[in-house]
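Before any questions on how it binds or moves, here is one chain, the form predicted alone, in C-alpha cells.
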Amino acid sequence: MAATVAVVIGSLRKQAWSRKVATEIIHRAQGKLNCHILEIGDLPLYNEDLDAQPPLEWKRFRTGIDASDAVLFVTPEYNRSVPGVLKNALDIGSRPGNQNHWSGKPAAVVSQTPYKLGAFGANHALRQTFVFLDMPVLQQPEMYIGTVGDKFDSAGKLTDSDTGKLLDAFIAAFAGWIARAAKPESFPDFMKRRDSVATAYVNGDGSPLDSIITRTDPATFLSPGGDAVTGAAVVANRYKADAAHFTKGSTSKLEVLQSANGQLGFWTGIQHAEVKMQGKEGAIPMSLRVTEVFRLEGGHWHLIHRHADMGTSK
C-alpha cells in the first residue's frame, strides 16, 4: 500500500511557487505516495498558555500529522532561514511537552527560490530542527530548485523537463525511504486518537477523518440513514459532504466495547454525541451504534468500513 504523506507548504501566498511545486509533486506521486496538503495558514501562534485548552486548529493539525506515515516540507527561504509560519507549525506539532507529534515520521525537504541558490539556507535550517524533532530525514537526493519562476508557465504547469526528472527521482527515493524508516502504528495507539478525529468531525472539520480514510478499494460506508456507499473515492467524498452539516460546539465520545487487530483492526461500540447542525437551534443528543474496520497501509491504520445506525438518544 502507498504511504500517506502530509505535505506542509512554507508559504501562504495563493500563487506561491512552493504551492506550485507541491502540487506538481502530488500529481507525479500518484500511485507511489498518497500525498495531501496539511494547511498551516490558519494556525494561531504557538502560546504555551493555550496548551490546557488548545485551539481546534491546533488539534486538526496535530491529528493530521499523527495520521500520516511521513511528512514532506516544501518551502521558500526567508532571510537565509525558514518562514515564520513554518516555524510556528513545527512548534505546534512538537507540543505540549512529551507529546511530539513529529517524532519518528520520515521527512524530506524541497526548497525553491526565484534566484540561483535553491533556498539552500532554508533547506538546511529546516533539517537542523529534525534532529530535535526526532524525524529521520531523506539525505539523498537533496532537492533545491533555483530560478523556479522560469520553470512554470502562467497556469502553474511545470515546463522544465529536467526539473520533472529530478522530481520523479526524488519521489521514488522518498517512497523507498519511508518504507525503510517508517514504524508501524500500533492499533491501541491509533484508537487513543480516534476520539479526537470524531470530535473534529462533528464540529464540521472533516480533514482529520479524511487523513485516515483509505484511498484504495474496497471501502464501504453504511450510514445512519440506512443507505450504503461503496468505493474509496465515493466514500471519501460522502464523509466530506456529511461533515458540512455539523457546526462548532458539538461533542463526541466513543465507547469501545470490543476491538481487535492484526493486519486488519476493528472496534465496535457506541458513539455518544451532542451535535449542532447547520440551520438548527440547540444541540441534538444521539447515540450511534458503530462498527469500524481499518487496514494497515504504509505503517498506519486507514478506515475501510464504517457501519453506524441510530441507537437510543441520551
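Not measured: the values here are computed from a predicted model. Position 1 is the first residue in the sequence shown; the rest follow in order.
Just so you know, the form predicted together with a small molecule exists too; it's not on screen, but the next bit is about it.
Undergrad: Might Ala16 be said to contact the small molecule in the predicted complex, defining contact as any heavy atom within 4.5 Å?
TA: Yes.
Undergrad: Would Leu117 sit within 4.5 Å of the small molecule in the predicted complex, counting heavy atoms only?
TA: Yes, Leu117 lies within 4.5 Å of the small molecule in the predicted complex.
Undergrad: For Asp210, is any heavy atom within 4.5 Å of the small molecule in the predicted complex, or not?
TA: Output for Asp210 is no: heavy atoms all beyond 4.5 Å of the small molecule.
Undergrad: Answer with yes or no whether Gln112 is in contact with the small molecule in the predicted complex, where contact means some heavy atom within 4.5 Å.
TA: Contact with the small molecule, yes.
Undergrad: From the list Gln140, Thr230, Ser103, Asn79, which entry has a heavy atom within 4.5 Å of the small molecule in the predicted complex?
TA: Contact check passes for Asn79.
Undergrad: Choose from 150-158, 70-78, 237-245, 132-140 the stretch whose residues reach within 4.5 Å of the small molecule in the predicted complex, heavy atoms counted.
TA: Of the stretches listed, the one contacting the partner is 70-78.
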